[in-house]
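Next up: just one chain, as C-alpha cells, the form predicted alone.
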Amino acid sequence: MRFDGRKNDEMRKVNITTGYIKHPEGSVLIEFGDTKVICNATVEEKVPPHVKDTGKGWVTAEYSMLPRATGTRNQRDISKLKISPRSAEIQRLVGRSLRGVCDMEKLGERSIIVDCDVIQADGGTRTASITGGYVALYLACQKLVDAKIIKENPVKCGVCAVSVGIYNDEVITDLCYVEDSNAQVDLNAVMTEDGNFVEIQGTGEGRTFSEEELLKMLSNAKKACGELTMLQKEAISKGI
C-alpha cells in the first residue's frame, strides 16, 4: 500500500467530463486524482505552411499551467514573453501523440489545435493532457463528420498515457506529486488502444534501473492504459 492507500499497480480515480466548455468543437475536463486538466480541441480551416497544398491536415497541441495550479504561484509564460522549456517539451509530446493516431488525409486541409490547460497539478499533467486531449480530438473530428464536412472520422485508434516509476525501490503506477518529486526512476508511457507504444520517456533520477524493472514498469503501464482506454470510450459515447 502507498501513502494514499493505493496498490502499486493502481491508478488514482480518473474522471473524464465531456462538453466541459461549450464553445470548442471538442472539450474535456480530465481528472487524474487531484490533477485536473481542461482539454479543448479547435478546428481551423487552414494549415501550417509546411502542409499547405498537400491535401493533408494537421493536429497540434498547446500546454499551459495556470499560476495557482500548484502550491505556489507560477509565472505565466506570456509574462516572460516566451513559453517555458517544460511547457514546450510537453506540448510537443502531446502533439506527437495525437498525430500518431490521426489520418491526415482523411482530415483534409484543416487543422485541429488541442489546448491543454492545467488548472490543478498533482503529478501526471502530461499524461492526463494526452489522455484527455485524445477524447477532445475525437469529439471534434466527429463533429466534422456529423456536419458532413469530412466523410469519416480520421482518428484511427485510441491513445492514452500514464506515468510509472520506482519509488522506495517499488515499481508504482500513476505517480502523484509526492511520489514523482521523490521517485528514483520516472517513466512516461504513451500507448495506443491496441497496445503499441507511441513514445516512452524514462529517466533514472536517483539510481539506475534494470531490464527486469523496465519490463515491470512497461507491464504496469500497459495495464493502466487498458483501463484508461475503457474510460475514454465511455466518455466518447456520452459526448457524441
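One rule holds for the numbers: they count along the sequence shown, beginning at 1. Not measured: the values here are computed from a predicted model.
Although not depicted, the form predicted together with a further copy of the same chain is the subject of the following passage.
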Review point. Within a 4.5 Å heavy atom cut-off, is residue 96 in contact with a further copy of the same chain in the model of the complex?
Key: yes
**Study point:** Contact flag, residue 148 vs a further copy of the same chain in the model of the complex, heavy atom cut 4.5 Å
**Key:** no
Practice item. Indicate whether residue 117 is a 4.5 Å heavy atom neighbour of a further copy of the same chain in the model of the complex. Key: yes
Check your understanding: Using heavy atoms and a 4.5 Å limit, would one call residue 38 a contact residue for a further copy of the same chain in the model of the complex?
Key -> yes
Point to revise | Whether 174, 230 and 238 all lie within 4.5 angstroms of a further copy of the same chain in the model of the complex by heavy atom | key: no
Check your understanding: What residues, if any, in 179-211 have a non-hydrogen atom within 4.5 angstroms of a further copy of the same chain in the model of the complex?
Key -> 192, 196, 197, 198, 199, 200, 201, 202, 203, 204, 208, 209, 210, 211
